[in-house]
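Here's a solo chain for you in structure tokens, the form predicted on its own.
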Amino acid sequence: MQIFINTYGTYLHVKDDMFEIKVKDKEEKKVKINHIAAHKITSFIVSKGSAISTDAVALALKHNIDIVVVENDGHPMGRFWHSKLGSTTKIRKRQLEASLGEEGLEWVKQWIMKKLENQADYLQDLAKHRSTLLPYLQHQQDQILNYRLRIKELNGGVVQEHADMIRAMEGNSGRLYFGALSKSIHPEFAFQGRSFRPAKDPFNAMLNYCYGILYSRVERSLMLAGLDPYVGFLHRDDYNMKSLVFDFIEPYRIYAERCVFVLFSTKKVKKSFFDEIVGGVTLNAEGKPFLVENFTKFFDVQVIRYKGRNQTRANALQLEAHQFANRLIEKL
């Protein structure tokens, strides 16, 4: 179970060897208290404006529970995590070797090709129920698949030799894809491409928040698999840049996009979920719990077919991270 703490003034501490969460209820002017056993929790996602006791941090570390501190837009700022590697150092050594060689290019191609394939598949799904947009959506889909083919045909050399080309085709595909999503949504919520920090419209505000949750989940999966989140393949090794998280997340961005689009297209999103800020909009105290509840259900509860078995999307992500780590050390 993932616990999201979004309410200003919430206090997380320990009582009777259990987590105790105190939340101030402004309307009823009293404090609500919940007790949760540690074995039922996998992670805490905590927004700014909350307090955590060191006993709560220690209990979380003891039970391998992730505590992630996030910005108001859901982007993770940092986390409390034990100092163990999670696996053998051989994985990290091989990860570094792979990132610098021809093998790295093949991994990057797989991740980006899967991302573009997901985008094309989703446009195909949308076209089934939008007859007036069918020719347009098919055209966008075909162009995205053409970019995917061009990436597939890249051969030889290391990632750095093809990085600019890959980023260009990925960016062009993204503009086609999000343009198509905007045309497919109710005109009231149409948007002009991607925007962040701040989001310029409600769709991007929700999508950015979901991506933030996904970043933290991808990072956790990589660490549990024994991988170093900072050693990436395509994204640059800038200061404090979790490059592998930004590489590995690409095939899974579709989870956030499908969840958010469905909420808009089924008219569940209200304008009251958003506040205007300088230069854009942000999710407010009404909108965040709504989105978190729906995305958590989509990601952690609903099942998909994964390699012949029913799995939650969260489990599938974790299995893919372990498979990636195992593939790396198979070459030893």
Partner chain sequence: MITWVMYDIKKDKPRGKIAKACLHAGLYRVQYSVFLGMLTANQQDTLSLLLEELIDEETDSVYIFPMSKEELNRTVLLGQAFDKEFVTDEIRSLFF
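Residue numbers count along the first chain shown, from 1. What you see is a predicted model, and the numbers here were worked out from it, not measured in a lab.
There is also a form predicted in complex with its partner chain; it is not shown, and the following applies to it.
Only one of 30, 40, 268, 48 comes within 4.5 Å of its partner chain in the predicted complex through a heavy atom, and that residue is 40. Looking at 269-277, 65-73, 303-311, 288-296, the stretch with residues near its partner chain in the predicted complex, meaning non-hydrogen atoms within 4.5 angstroms, turns out to be 288-296.
For residue 325, no non-hydrogen atom is located within 4.5 Å of its partner chain in the predicted complex, even though that partner is not displayed. Its partner chain in the predicted complex comes within 4.5 Å of no heavy atom belonging to residue 316. In the predicted complex, its partner chain lies farther than 4.5 Å from every heavy atom of residue 54. Taking the partner from the other structure, its partner chain in the predicted complex has no heavy atom within 4.5 Å of any heavy atom of residue 25.
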